[in-house]
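Coming up is one lone chain in structure tokens, specifically the form predicted alone.
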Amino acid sequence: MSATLFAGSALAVRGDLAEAHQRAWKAIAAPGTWLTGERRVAAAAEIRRARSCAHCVLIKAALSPNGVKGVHQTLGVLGEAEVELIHRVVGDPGRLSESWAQSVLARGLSDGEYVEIVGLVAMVMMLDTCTRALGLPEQPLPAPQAGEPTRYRPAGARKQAAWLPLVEPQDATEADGPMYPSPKAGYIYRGLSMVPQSMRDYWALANCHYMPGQYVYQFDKSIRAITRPQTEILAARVSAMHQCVY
């Protein structure tokens, strides 16, 4: 699949990037920690649906997202809590709040399911944005794989610095599997840590689009075809456009 993943692109695509996309789609189709493969693929489909939801457009344009009445345009496969989570994270992430997050959980979604779905949103948006940037149609969604979720919850997951529990580097255990490249990993890295496999899947993809963590502070070194200053100018511009204050 990796050899044909970006077939038709006018631009050359690195082999490791194509392989990262292949692994990511395979991971999305597989049973996760709290979701079955079928539910994960359904979430991926709903993520794509959210990008053209008329209700989300109204929410984004409104002075306050809480003042908009109506319902999301959905594929009708997932539950109300899953749809609300996906559509708001896709459509208006800059105005989410802890009270909103708690309202999603109150509709019957567990905190583990919440984190796993957010991880899927981050991956599918990255995969599709890259594909569209290359002038290619979105990849067909993979067939879901059979099997049961692991339902693994890290012993060190605690609600401290975020709306939902995190695993701080000092609280990670061997049972969690590989977690952090450094004890000083930033909170952007810790965000999905309550679901370690989602965290690993996301960063395996993100590192190929940006750079692995061990290179982040090597400002005089570039591992890409463009220079490190050029990389950071692009990153800063994209962050500004998306109102990312990180």
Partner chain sequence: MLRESMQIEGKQMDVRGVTQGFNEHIEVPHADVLVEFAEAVVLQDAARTARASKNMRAVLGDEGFVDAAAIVSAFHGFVRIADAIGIPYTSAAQGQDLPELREQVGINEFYRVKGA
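Note that the rigid core is defined as the largest set of C-alphas that superpose within 1.5 Å between two forms. Everything numeric in this text was worked out from a predicted model, so none of it was measured. Positions refer to the first chain, counted from 1.
Although not depicted, the form predicted together with its partner chain is the subject of the following passage.
Classify Pro93 as contacting or not contacting its partner chain in the model of the complex by the rule of any non-hydrogen atom within 4.5 angstroms, answering yes or no. Answer yes; at least one heavy atom of Pro93 falls within 4.5 Å of its partner chain in the model of the complex.
Decide whether Gly70 counts as a contact residue for its partner chain in the model of the complex under a heavy atom distance cut-off of 4.5 Å. No, Gly70 is distant from the partner.
Does Tyr202 reach its partner chain in the model of the complex if we count a contact as any heavy atom within 4.5 Å? Heavy-atom contact with its partner chain at 4.5 Å: present for Tyr202.
Does its partner chain come within 4.5 Å of any heavy atom of Gln214 in the model of the complex? No, Gln214 stays farther than 4.5 Å from its partner chain in the model of the complex.
What stretch, of 109-117, 150-158, 172-180, 74-82, brings heavy atoms to within 4.5 Å of its partner chain in the model of the complex? That would be 109-117.
Go through 159-180 residue by residue and record those having a heavy atom within 4.5 Å of its partner chain in the model of the complex; state none if no residue qualifies. Heavy-atom contacts to its partner chain in the model of the complex: Ala161, Ala162, Trp163, Leu164, Leu166.
Core-aligned, does Arg23 move its Cα 2 Å or more between this form and the one not shown? No, the C-alpha moves less than 2 Å.
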